[in-house]
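Encoded as C-alpha cells, the following chain is the form predicted on its own, with no partner shown.
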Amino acid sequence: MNAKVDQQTQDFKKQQELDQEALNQRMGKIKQKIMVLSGKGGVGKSTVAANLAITLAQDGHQVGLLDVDIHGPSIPKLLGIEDQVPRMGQETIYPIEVATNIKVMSMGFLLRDKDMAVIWRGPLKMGAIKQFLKDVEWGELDYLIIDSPPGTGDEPLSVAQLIPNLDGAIVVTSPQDLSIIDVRKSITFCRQVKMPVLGVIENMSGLICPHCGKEIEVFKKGGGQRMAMEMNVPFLGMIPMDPQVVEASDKGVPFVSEYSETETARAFEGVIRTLLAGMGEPKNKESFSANKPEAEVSQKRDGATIKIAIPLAQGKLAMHFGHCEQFALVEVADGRIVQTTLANPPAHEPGVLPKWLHEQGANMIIAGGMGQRAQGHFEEHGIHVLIGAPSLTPDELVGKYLDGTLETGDNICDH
C-alpha cells in the first residue's frame, strides 16, 4: 500500500514539474506580463485592462488579454466577442483573435450558458488559470495583460505563483475613501508576493458636464493620487467619468478607439504612455523586494543613468523641503555614483523648483518632508519623489538607496 502511495506521489510531482516547464516555455515567448488589480469591485478595472490592450495593439504591439475572473468574466462583453468559442487542439487551446494582433482568452468563452454560475473552490480555479497560461497558444507576444477579479484571493495569488517573473501590477481605484481602503490592500498584497507595483490609476476621477463644461467631483478627486504618494508607488494618472464609456462597453467596442477624440480617451492614453515610459525594457525581477519602492528599482536597472536631487541644509538632507539652502545633484550610472554637484536653487515660489530641477536633468528627489501639492508638481515634471528619508549626507543617502538599505519614515511636513 505504501509503495503505491509513494508511486502516486512521485507521479504527481513529476506531472507538476512537466506542467511548470510547459508553462515556463509558453510564458518565455512573452516579453512583458502585467496584471491589472483592484481591491474593490466596480472601479472600472476590466475597462482599464481592455483599453490598455487595445491601445498597445494600436501602437503595433502583439498583445494577449487574459481574463482570469472565473466567476464574473467581462472582457468578452467589453470587446463584443462574447459569442465566440475557442478552437481546441490536442492539449492546446487557440485564443480568440481580435483584429490581427490581439489574442483573448476568458472563462466566458467556455460557458455553455452565459447565465451559468461557476461554483468552484480554490484548487479548481488555480487549475483553470494554469491551463489558460500553459495550454493557450499565445505565441510570441510583446505584452500579456491579465485582468484579475476584485480582491486578493485565489485568482491573483494563482497568477503570482504560476508566473513568478511578472513584470508587475497596475492597481485601479476610484477616488472615494471606501474604495481606497480596500485598494491599499492590493498594494500590500503585491509587496508580500514580491510583485512590483507599476502604478496606480485613479478611475472615475471627476465628471465633465456635457452642458456647461465644468468638472463635477462625483466621487471626490485625488484620493488615488494621495494613496500612491503615501504608499510610495508611482501614480499613473486620473481618468474622468464619461457616459460614453458605458455606451461603448454595452456596444462591445473599445472606448479608446470609438471615442478617441474625447478627454477621457486622451486620459486613458496618457496614463498608458506614462506606464510604458516607466516600464522600459523587461527587468530582472530578482532586483525587487518588498521594502523597495517599485518606481525606484525600475530606474536602477542595468545601464540606466539617473540624477537624484537632494535638498540640503548645512550639508545634510533638509528635513523640511521648503527650508533647503541648496541642492546636491547626484548622477548615478550602472548602479554607482559617478558625480555630485551642488546648485543654488531659485526663489521658492509655487511651480518654480519643479521646472528648475527638470531643467537640471533631475528625475528623482530624496526628501525628508514635502507637502502633497509640491509632490504633485514634481510628478507632473517627471520627477519621482521619495519621502521620509533621514538627515544624512548626499553620498550616504544615495549609497543606501542604491544598495536597498535606505529606510524611510513618515512625511513630516505633509500639508
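In this text the structure is predicted, and so the values were computed from the model without any measurement. The first residue of the sequence shown is number 1, and the count goes up from there.
Note that the form predicted in complex with adenosine-5'-diphosphate (ADP) isn't included here; everything after this is about it.
Problem - Site test, A313, G322 and A389 vs adenosine-5'-diphosphate (ADP) in the model of the complex, non-hydrogen atom cutoff 4.5 Å - result: No, because A313, G322 and A389 lack any heavy atom that approaches adenosine-5'-diphosphate (ADP) to within 4.5 Å in the model of the complex.
Practice task
Go through Q32, T55, T47, Q62 and name the one with a heavy atom inside 4.5 Å of adenosine-5'-diphosphate (ADP) in the model of the complex.
Solution key: Going through each option in turn, the one that passes is T47.
Exercise for the section: Would you mind picking the one in G41, P346, G361, G28 that has a heavy atom within 4.5 Å of adenosine-5'-diphosphate (ADP) in the model of the complex? Expected result: Result of the distance check: G41.
Exercise for the section: Verify the contact flag for N203: yes if a non-hydrogen atom of it lies within 4.5 Å of a non-hydrogen atom of adenosine-5'-diphosphate (ADP) in the model of the complex, no if not. Expected result: N203: yes, in contact with adenosine-5'-diphosphate (ADP) in the model of the complex.
Handout entry: Exercise: V246 in contact with adenosine-5'-diphosphate (ADP) in the model of the complex, heavy atom 4.5 Å
Key = Yes, V246 is a contact residue.
Exercise for the section: Mark S74 yes when one of its heavy atoms lies within 4.5 Å of a heavy atom of adenosine-5'-diphosphate (ADP) in the model of the complex, and no otherwise. Expected result: Looking in the model of the complex, residue contacts with adenosine-5'-diphosphate (ADP) include S74, since a heavy atom lies within 4.5 Å.
Practice task
Although adenosine-5'-diphosphate (ADP) is absent from this view, report whether M241 comes within 4.5 Å of it in the model of the complex, heavy atoms only.
Solution key: Output for M241 is yes: heavy atoms within 4.5 Å of adenosine-5'-diphosphate (ADP).
Problem - Segment assignment from 182-190, 233-241, 81-89, 94-102: heavy atom within 4.5 Å of adenosine-5'-diphosphate (ADP) in the model of the complex - result: Checking each option against the 4.5 Å cut-off leaves 233-241.
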